[in-house]
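Next come structure tokens for two forms of one protein chain, structure 1 first, structure 2 second.
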Structure 1
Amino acid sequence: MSVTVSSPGVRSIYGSTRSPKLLGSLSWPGRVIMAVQSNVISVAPILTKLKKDCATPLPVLRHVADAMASDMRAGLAVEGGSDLKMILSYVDSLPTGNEKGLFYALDLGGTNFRVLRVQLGGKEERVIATEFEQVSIPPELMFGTSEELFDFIASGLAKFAEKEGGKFNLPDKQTREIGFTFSFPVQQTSVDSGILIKWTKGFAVSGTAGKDVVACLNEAMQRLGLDMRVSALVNDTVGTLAGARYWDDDVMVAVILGTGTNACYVERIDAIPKLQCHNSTFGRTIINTEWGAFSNGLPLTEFDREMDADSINPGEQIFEKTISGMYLGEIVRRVLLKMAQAGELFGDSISEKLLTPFMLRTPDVCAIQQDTSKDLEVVGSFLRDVVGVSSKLSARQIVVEVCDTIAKRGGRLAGAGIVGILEKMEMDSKGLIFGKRTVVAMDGGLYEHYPQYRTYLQEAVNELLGPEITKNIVIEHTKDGSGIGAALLAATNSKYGHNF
């Protein structure tokens, strides 16, 4: 398998970079801190309250898992029946390994987009070759017009397609087909079309919501004279599930824990009452839960509420704002700011950086937690370089505790969400989930790069399911599965068939 990578932009491990424009959109209006209050309130009570508000003991986890399952049912019963949209993917058949030919994938889901091509060789040869390129999206395009964004994407795709050669070949007179991974809430209207419901993850592009995103891409390709065809439009969770299923038949659920978060799973057609007339040869389909919008019974703090109120989508994506990579760093920054103001955590000055929303990112929080030195030197230099403050050891210890508290809550709640999905599936088909090996395919930088978060997630799953059942549940990281998965779904839904 050959892999070519060219990366004109820098991708951070959580798919997000510090962006002045992004910060601008999430600005903190009217709050200028004139002077630091005297040290009336100490830091300790703030930390104690934070830990109490973020606590996720077993009863809280149980409530979240149960509420996730019942919100899923409500969302499957009627359109708009719950916070969870439970979107039909129209993906009824998953890759089998027989897929053959050249397929493209286009992946838009964060501050980067990725283009990929794969030459598939069927059961014997599987993936013969893949190549991909990753391009950062200029921050201004995240706040520009729909045409500007799709023109930029189409031109990246065109440049990439021009370089095709070597092991990649397309039969004569065939149009290149694309699996388009579009990782925002989309109301699918067929396997290759869908209407954007709303932007998430800090995007605020005008003119796309309410439109078919495949039509937007097609129009941009036409403007460029690029002859390619989208044969599958998929959410990144669905691409991940398809990509993982290509190698392992036991994959039933896929979860993304990166900049944003979401989960999808294999559902029985007869368990979807809101589905009036949809025929599936296999009696099953994939449901995109859009669980980022879940909000039932979450342990939230004043910092979460303030961050939500100041965001571009207040009241929305509450689960995402509590557990995903875009937000963990910002929650920590808000806690540290309060500790600095009210408890003089960093002496008597408050840095500009600490006052700047989103200046502390989740990878920073993660790096802080990896410091095992006696004096917490790494923490000290992060605080100096990123937060712009000098710190004593006692302050650094508190900072580590704050990071741990926020990561622990996020990881454990994500684990409870996964259990909710598995329990819903098990309830409907007794023994088919817990009675055998069942794989949850996982992708996203937060899960991949944050060991403590991963551990907390797994601990919550163990606590909720107990040791016997947990043995059958495999949570497996499938890196970059969504790109290949989308290309595989383009093959499965190819207008030329895929067994030529």
Structure 2
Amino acid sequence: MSVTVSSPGVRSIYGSTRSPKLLGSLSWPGRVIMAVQSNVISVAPILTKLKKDCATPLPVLRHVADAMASDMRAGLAVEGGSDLKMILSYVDSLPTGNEKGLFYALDLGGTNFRVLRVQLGGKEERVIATEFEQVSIPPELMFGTSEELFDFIASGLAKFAEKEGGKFNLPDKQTREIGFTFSFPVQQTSVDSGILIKWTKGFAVSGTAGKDVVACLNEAMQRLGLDMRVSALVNDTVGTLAGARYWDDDVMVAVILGTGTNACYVERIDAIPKLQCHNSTFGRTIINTEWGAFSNGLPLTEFDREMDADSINPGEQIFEKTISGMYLGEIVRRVLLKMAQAGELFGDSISEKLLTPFMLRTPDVCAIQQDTSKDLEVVGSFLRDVVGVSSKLSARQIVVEVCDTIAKRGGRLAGAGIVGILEKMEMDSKGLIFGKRTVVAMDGGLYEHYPQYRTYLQEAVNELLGPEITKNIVIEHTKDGSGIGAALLAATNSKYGHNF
């Protein structure tokens, strides 16, 4: 479609250009724009429909929160009872601060693995010292055999352990114990064992699915003669909760908002009908919700549906696909591509880069929203250098508006999910959640680095709970909590107890 652009400018708080053709108000923090160019007008219906389909007014948030709580109950009642797996972690005792000794953590969740050691000094000294290293996994091992991968990991652990010294001290005749954070789908069978369901995140390792991943690692360490054992197998969300709980007894929920997303929380044993023959001296355990699979009543657009259909897991992980860092940039790209095709947003040619799936990343979307310059020069430079398109100011304003729309929906839905978890806990605990200080530990790059997303999340929590309850709910960033949390859970489940 060819469009003749006859009107050159915009009306804004920074100046005025008169024209009879007005798109209407485009707004985001600190800026209200009246865009007038004909190419802008041609994409107006797409933007209007996008905003309508992504809208998260209070009734939508309330439905999402209630549905989250309902699905949690269904998942606790019977295996496969809802989209939420509600996996038992077998972590019944959380760190108290009394833990002492030297413990290791291994975090395997992507193309790198991280090893960490921590010297714990009990109530008085707490964390005496920590050290960590990150090791890249060669691409060929992601498609190799189970033995090759775990031998490589064990070798990295051995090299790291060789550097132990200084403030790190292991008592004589003790085996080094590890908390193993394994961020792939696992059916946990005890606190120190779990069966791999399938590899994800680009891994296609043969010979591991259906096996105990702890046994795989322990056997690799034995082949090397490495005197170490795994005493706790944990999901990264569970590790985050444990790490935050070590410093703050009021932590009851942990959420990760990064490339992917998940949440876990402290649950009462008697509130888990599907649980049989599991005795807990503490009467509680941590439940890994796997909330990325939630899908009930989410406001979805044509772009979400197309992205889902094109994904490697269509029909699955719908909540994750609307709120996590892996997908926000791709949704924005698809919107901009349609605008470019339908309304010549960036001129009469379509950039090859804009046609490339996942070329637009969520950090790019965040950077676009941080541009406060008068003419959105940073946005213009990004569109030129990364997307390969030239842009007028009016087009750049629309790009910002699209980014804000997708981030706002994601943040507010994440906030509603958190409220759903809290409300489920509150209903079962008779006022013991909302009636006192309750902390939600947050980790992940999306939450940490995207201020608008964070703000939208908090706003949704405030709207749903109201000022009186909200003042007791603390959402607190816990950076890199899962690593030290895994080491702490190794200490909590140590075969030596705490008699150091």
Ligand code: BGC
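Treat the numbers as computed from the prediction; the structure is a model and nothing was measured. We call the rigid core the largest set of C-alpha positions that still match within 1.5 Å between the two forms. When a residue number appears, read it as a position in the sequence of structure 1, where counting begins at 1.
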query: Of structures 1 and 2, which one represents the form predicted on its own?
result: 2
query: F319: CA shift of at least 2 Å between structure 1 and structure 2 after core fit?
result: no
query: Hey, does Q397 budge by 2 Å or more at the Cα between structure 1 and structure 2 once the core is superposed?
result: no
- prompt: Rigid core fitted, is the C-alpha displacement of D227 between structure 1 and structure 2 2 Å or more?
  reply: yes
task: Could the core-superposed CA displacement of L141 between structure 1 and structure 2 be given in angstrom, to one decimal?
output: 5.3
